[in-house]
Structure formats: structure tokens, C-alpha cells
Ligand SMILES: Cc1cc2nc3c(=O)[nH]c(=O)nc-3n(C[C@H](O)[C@H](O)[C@H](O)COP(=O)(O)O)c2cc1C
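Have a look below at one chain only, the form predicted alone, in C-alpha cells format.
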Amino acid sequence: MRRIFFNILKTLDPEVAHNLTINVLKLPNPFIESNNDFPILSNDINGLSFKNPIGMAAGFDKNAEVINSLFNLGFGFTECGTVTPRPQFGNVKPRVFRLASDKAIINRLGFNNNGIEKFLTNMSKSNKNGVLGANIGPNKDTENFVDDYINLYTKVVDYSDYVTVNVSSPNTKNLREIQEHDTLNTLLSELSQLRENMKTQKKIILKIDPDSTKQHYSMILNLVQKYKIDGIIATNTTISRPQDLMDEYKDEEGGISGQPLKELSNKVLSFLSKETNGELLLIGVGGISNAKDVYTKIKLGASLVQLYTALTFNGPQMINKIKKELSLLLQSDGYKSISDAVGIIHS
């Protein structure tokens, strides 16, 4: 029955399929299988305990509606959002394109979500059977993007284990300009000061793009260190287009995720790991479809990984498959804990 449902999803418009999946996951349904975790995959990072390093990336559960179901599928952590202060429709449809022959998705959604109030109501219902993150971003018509981040941080901090500051989506006009030095300096300075003055101090993670230069990433790392930001997610979707894309939708505008992003995101991850000598939490995202992909990111310096696009092609059963095969890869290389393999390529 699960296979039939998944095959039906692949015939539908991608956004329709996504919405249907969310609604099914809200039900006590037969598609959630029992999951097994392996001690070798568990890790304590910056005071947070992860059963395994596999996380659901932001963009799937935009409104924090299916947190419990995602943990039941076997994820070690999940990141909800991106959420904005006010409800937002996003960009004009169609805005999601499935590139089946390239194992990729192009989206130009534009932070479509139901707003922070519904987001918090949904988060409060979670049983938090894992580490929970909130991904925040500004409304596209706001006068000051920085104000939106500050406003959102104060609201989500009591409901999440960490907060991701999304400054890298290519689908909100001028958003990536926040990554320029002066604006990013202002944003991280205000967030850091705000956190210091709060009774509850949660982790702050910065999500960056894969399309910048090494000099730009070095600048970001300097600011991350200066303001004691806890980690970086590498990376968001890319606006670049590999020459070997085959699908008819390859020239659609938006950010591309999935297999075409893997090499690019790995290069950014590797650079960040070498530059920080393994002293900064890095979360690897982009092009993960199996345990070997996860293991590569771990060895390049990621303590954690996130995925999303591959689920649309492989189905949710891939989570437990990855965990089992990743544990075997670690054991075959003689590791007793996944933490021992983080960044091993650079050691």
C-alpha cells in the first residue's frame, strides 16, 4: 500500500504531492514504519543529543505540522520552516519542478508559509522525540529584514533546540544580499546580543548559499567566530546549472537541489571544515541519496546532515536504510562512534 501511494505521488504536480504527503503524515497512518537506531550513530553535539545524524531539511515541514511523524520515520532531528512573521503566499505557481532524469528539484517557492503564530501553535504540540530546529526568514515586503529575524528569534527560541537563520534562499528578492559583510555583521551582532540577554540561550545556526567565493566564506566565518554563532548549514539550493542537466525543466528559474548540488555543496563543506579545523559545527546538505553520500559529508567535516529532495524519489524507507548502511560503513572502517569519522579527510 505504501508503494502504491508513493507511485501515485510521483505522477502528481510536485507541490500537490507535497501537500498530500503532509496531510497523510498528520494521520495515524500505515506509512510510518518502526525505526531502529544504532548506538554508533548517536552523538552529543554542543549540549544536544542526537540519536542519529540524519535530519529533515527545512522546506518540507514549513508550518511545523508533522514533527512527530518525521521523528517516527527515523530522523534524528528535524528543522521546521522557513517561517516568516506574517503569513505569505510566496511566488506565483507553478513554482516547483521535478527533474526526474536528473534526480533534482527546482523550486522558486518564496517562503510560502502560514506565519509565526500558527507555527508556534503547531510546535507546542510536538512530543520532541528528537532535536527540533526552527528555520526563520523575513517577509518579502518587510521594510527591514533584520527586524524580522530579531522578532522571529524571540518567538521561536522557547519552542526549539536551535534556530537557523536563513540568509541564503535564492527565491526572495535581495535576501542573499544579507550575506554581504555590513548587513550580516549587523544581523549577527544583534542576534548575539539578544541571546546573551535572554534567560534561555539556544543554538544559532547560519544557513549559507553554495554560489559564493572562498573569500566570501572566509568573511562569513570571521563573523560567525566573532559573534559566537554555533554552526553553519552548507548549503542551500544553487542558482547555477550544471551543463549535463537533461530534464525538460532544467532552465526553470529558482534554486536547484538534489544530485546536481552534491559536488558543489561538498566543496563548500570541505572548505569550511579546513578553515575552522573542525572547531565549528557543520551540517552538510545537498545531493544525499544514500549512506555513502552521508559518509562522504561526515568525512569532509559535517557532524550532521540534512536531506529532502531524495525523499521525493526514494520514499521515506530510505531513512532507515541509510542508518543501517552508515553504521556498517563506520564499523568496517574501524570506528566505534560516528564522531570519530567527522572531518577525517582533513586530519
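As the structure is a prediction and not an experimental result, all values here were calculated from the model. Sequential numbering from 1, following the sequence displayed.
Keep in mind that the form predicted in complex with the named molecule is missing from the display, and what follows is about it.
- Contact annotation for the candidate site: 105, 111 and 166 all lie close to the named molecule in the predicted bound form (heavy atom within 4.5 Å).
- Look at 239 to 247, 181 to 189, 85 to 93, 256 to 264: in the predicted bound form, residues with non-hydrogen atoms within 4.5 angstroms of the named molecule sit in 256 to 264.
- Residue contact with the named molecule in the predicted bound form: residue 41 places no heavy atom within 4.5 Å of it.
- With a 4.5 Å cutoff on heavy atoms, residue 309 counts as touching the named molecule in the predicted bound form.
- Proximity of residue 54 to the named molecule in the predicted bound form: non-hydrogen atoms within 4.5 Å are absent; the residue sits far from the partner.
- Although the partner is absent here, residue 138 lies well away from the named molecule in the predicted bound form, with no heavy atom inside 4.5 Å.
- A heavy atom within 4.5 Å of the named molecule in the predicted bound form is found for one listed residue only; from 322, 302, 70, 285, this is 285.
- Taking the named molecule as positioned in the predicted bound form, the residues of 45 to 61 that bring a heavy atom within 4.5 Å of it are, in sequence order, 57, 58, 59.
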